[in-house]
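Alright, two takes on the same chain below, each alone as structure tokens: structure 1 and structure 2.
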Structure 1
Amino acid sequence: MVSHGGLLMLLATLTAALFAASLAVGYAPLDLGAATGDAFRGEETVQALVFVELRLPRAILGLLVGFTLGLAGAVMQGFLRNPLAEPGVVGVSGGAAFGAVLVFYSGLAALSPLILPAGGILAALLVGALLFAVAGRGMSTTTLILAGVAINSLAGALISLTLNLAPNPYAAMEIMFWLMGSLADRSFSHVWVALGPMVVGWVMLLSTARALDALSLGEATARTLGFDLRRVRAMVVGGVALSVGAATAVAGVIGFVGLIVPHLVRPLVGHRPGRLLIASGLSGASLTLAADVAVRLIPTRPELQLGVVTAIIGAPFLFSLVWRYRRVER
């Protein structure tokens, strides 16, 4: 049996390998060696430019967004003690997308590059607060999923409404980006604008590790073990809002990553919610990078939305979870 440190090393290596693969895949042949060499020497050849301005920000964003989704999924599942919890399923991602859409198409986002992620973050915060208000203290699976369905439906409808009301004729067709996500043609400006909130969000989420371990024994026991659940909830809602809000604002909704990855990794960490966090983040990064590579290899033009690939893997996976759950609940 691999030690935890060993597992993290393995996952980090996998992530690094897929990061390299993401750099190596694109729409024009690129000699990675020559490109990196040129870039280091400061020579602005076409190779160096494609590498630095197109491939690198795309790969970095894939890494950051994927880590965010894996981490947020693990934290939500640990905190809600519910294996179906995930920012997409419960409506946080959908809400964040609506916040970003509102801010973008109204022209507010043009005032400052930070406004776009801010829109996503605020909306995600509202959804988080709403979820806890609606679902109350004991969140059964049914309540959680229903709340998520309601929020996702509303978010989708509002996004559609906003896009149709937008004065630009392209807007209506852009719904596919927002609801299915994409990392195409991203630049470093997207990376800088999302990096700050994401990292702060990660810190908040990682701080809940021990509380999640305590929560395996129930809320009462966790409280008697000295954990202030109000503070933990604030860290969870705030951390998810910051990281997932910013990620969704620059990449759209990429579903199912936060659902699949914790499940696959949980047995490898002995089902301990605290240890799952970083492992899940790295696995989320790996999955997202792999999907982004696939999207560039599949010969559709323009390229497929990222969420299509994650949904094709994720929806059957979700269904298998429901199937398994059904047998348990009998």
Structure 2
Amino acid sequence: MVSHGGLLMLLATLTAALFAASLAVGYAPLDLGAATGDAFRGEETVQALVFVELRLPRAILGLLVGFTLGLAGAVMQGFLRNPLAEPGVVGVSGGAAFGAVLVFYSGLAALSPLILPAGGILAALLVGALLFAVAGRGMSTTTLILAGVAINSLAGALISLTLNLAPNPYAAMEIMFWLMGSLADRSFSHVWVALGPMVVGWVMLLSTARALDALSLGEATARTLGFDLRRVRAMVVGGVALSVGAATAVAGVIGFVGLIVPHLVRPLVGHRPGRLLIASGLSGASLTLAADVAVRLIPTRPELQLGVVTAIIGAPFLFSLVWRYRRVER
């Protein structure tokens, strides 16, 4: 078996290769070396503008969003001790999506490109606060899941209501396309507005690694080992709200990444939840970058939405996972 350090190195190398592929692949040929050189010299050539304004922010966001979804998925599965858990289970993705949709509907999105992601991040933080208000300070894992289901249902209903009340079909179509998830037409403004909340969320989620190892032995054992589970829950919910909320706010809803990658990597880390976190984050970044390269290689116009591609990949995986657990239960 590959050592943990060796596995992280392999995953980092794969992620770097796919990041380079994301920079190189597009609808028009681009001399990546010349474009990079022009950009570093500050020359405003067409190649440099395409590289800096289109390719680079898209690749960076693919890296950030994928790492966030993979990390959050590993934490949620370890914390809830449920192999089918993923970042949307606590309602954060739905809440962030509704916040962004509300900004769309109100017309505020036209004032600045930063208002849309800011609305999604704010809504995600409000969802985190609402979870604690609904479930209480001593909430159990089951209560947390039920509160998340309720918030997801409410967010879905409010999004449907917004679409129903959209002033014209073009506004509704724009909202629907955004909800499908995509990294196209993103700029460095989106990178900067999402980076801060994501990094803070990552730190909070990574700080739970030892607690997740203890929780794999049961909540009673974790308490005996000295872990404050209320604090762990706060770190998990807050970290998911910040990081996944920011990812959803800038890229829309990209499903299944947080569900798939922990299962693919878990056997390689000895099924230890704490060691899975960074490996799952890197795997999530690789999967998201690979899927985003694929949407540009598939000859369809308009471009397939990234969320559609990850759903096509993820749905069969979910069916196989359910079938596997069905056979185990027999």
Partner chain sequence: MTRRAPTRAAIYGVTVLAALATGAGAPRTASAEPPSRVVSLNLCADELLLRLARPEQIASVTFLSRDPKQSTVADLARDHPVNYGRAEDVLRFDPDLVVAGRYTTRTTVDFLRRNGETLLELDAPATLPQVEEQIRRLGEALGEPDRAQALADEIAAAFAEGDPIDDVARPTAVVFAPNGFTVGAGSLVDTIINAAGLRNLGAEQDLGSYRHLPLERLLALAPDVLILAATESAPARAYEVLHHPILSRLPSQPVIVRLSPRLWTCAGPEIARALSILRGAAAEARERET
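The structure presented is a predicted model; accordingly, all values stated were derived computationally and were not measured. Quick note, the numbers are simply positions in structure 1, starting from 1. Throughout, rigid core stands for the largest set of C-alpha atoms superposing within 1.5 Å between the two forms.
- Between the two isolated copies of the chain, the form predicted in complex with its partner chain corresponds to structure 1.
- In the motion between structure 1 and structure 2, where one rigid part swings relative to another, the hinge among P262, V236, A251, P87 is P87.
- If you fit the larger rigid part between structure 1 and structure 2 on its C-alpha atoms, the smaller part is left turned by 22 degrees.
- Relative to the superposed core, A124 has its Cα moved 3.3 Å between structure 1 and structure 2.
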